[in-house]
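One chain is shown next in structure tokens, namely the form predicted alone.
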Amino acid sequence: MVSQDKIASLFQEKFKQSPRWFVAPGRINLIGEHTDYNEGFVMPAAIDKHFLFAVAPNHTSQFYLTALDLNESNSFSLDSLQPGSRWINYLMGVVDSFLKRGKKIGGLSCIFTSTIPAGAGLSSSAALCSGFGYALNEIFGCGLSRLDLALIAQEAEHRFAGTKCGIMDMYASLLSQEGSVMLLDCRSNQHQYLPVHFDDYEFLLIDTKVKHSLNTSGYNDRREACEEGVRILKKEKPAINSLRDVSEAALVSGRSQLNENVFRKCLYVVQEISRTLKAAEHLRSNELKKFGELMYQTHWGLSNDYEVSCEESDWLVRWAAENKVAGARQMGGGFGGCTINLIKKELVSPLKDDVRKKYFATFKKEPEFYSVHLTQGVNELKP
């Protein structure tokens, strides 16, 4: 990541003014995967991997943007917002949602950099949209709430990037509280903060180095399978509006009406919603081993029923179980990225050495490791 001093110097040289600074974190999700777009529960937290934005209004209708990590600059105008496939389209989508809400904004000059590994399942795109939206809101005094900004960031991914994601990633980036995880109800968009007492444990992320791209990875296909299941089940029970309304017993009783693929996708989601509520109880009572057992159950549901895992993720979770890691699972949308491991602190160093050697021997590539700490949501850095 490029230092703040270097960015400040570059900003002054490029735009002849001093910027305001905003930080937008990535997130982990302890449990509750692919439940957010099914109106279920999730358990995310912001982490100390983040975007850093240097931003200033330029009193025009133009947006001048530089992604330092990509060594790319681009621009667009308020009257030329078109969906596309490059990183700038996420930011166009944010601007478009502000305009659709009738907010008066002008052009910005912006330079940003990031410590969030791309494609690792830590929600870099959500952090990008959330941080940029927060900066727009603050600079132009639009008066939008953090929930409004999460919805705007979600809209940007839906309409300008083509990913029909849920709200969890943006919500966590914007509303997380330092040192806590949140239990988020994705139907009401309300949350409660849960105390965390990990004590002798920490979360270690292991990057498979398999990069995923959600808008081309089959993520949308999984969502459509869930929606098809709801449409079919609703014919018999009109009160069903999402998989949140379906019990496992009701799903099994309606199995004959669903094709096998739709049934298995729905089964995973229904079970995962239940698991997440159980996990919250274990966390409240500090039963970390029981919490970890649920993480393993989630992974094999993701792998066998939801079919969003990969060979490397499955290998890492098997390795974790063999080495008595308390809990492990693939994290994020799937198809690669990181596994999240609940591991005793004293075991981190020796187990990293062990997995590095064995993973390389198996896949001829080295995993990467990220120790993460829980932090607050998007904020402005004051001088």
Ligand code: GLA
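If you're wondering where the values come from, they're calculated on a predicted model, not measured in any experiment. So that there is no doubt, residue numbering starts at 1 and follows the sequence shown.
A second form of this protein, the form predicted in complex with the named molecule, is not displayed here; the remarks below concern that form.
Discussion item. Quick one: P44, Y193 and F198 and the named molecule in the model of the complex, is every residue within 4.5 Å by at least one heavy atom?
Written reply: Not one of the three qualifies.
Discussion item. Given a 4.5 Å cut-off on heavy atoms, tell me which of 57-65, 35-43, 315-323, 342-350 is the interface stretch with the named molecule in the model of the complex.
Written reply: That would be 35-43.
Practice prompt. Scan F203, F98, Y219, Y90 and let me know which has any heavy atom within 4.5 Å of the named molecule in the model of the complex.
Written response: Result of the distance check: Y219.
Worksheet item: Looking at L233, L267, C165, L81, which has any heavy atom no more than 4.5 Å from the named molecule in the model of the complex?
Response: For this set of options, the contacting one is C165.
Worksheet item: Does G26 make contact with the named molecule in the model of the complex, using a 4.5 Å heavy atom cut-off?
Response: Output for G26 is no: heavy atoms all beyond 4.5 Å of the named molecule.
Worksheet item: Is G337 one of the residues lying within 4.5 Å of the named molecule in the model of the complex, judged by heavy atom distances?
Response: It does not: once the named molecule is placed as it appears in the model of the complex, G337 has no heavy atom within 4.5 Å of it.
Worksheet entry | Any non-hydrogen atom of G333 within 4.5 angstroms of the named molecule in the model of the complex | Heavy-atom contact with the named molecule at 4.5 Å: present for G333.
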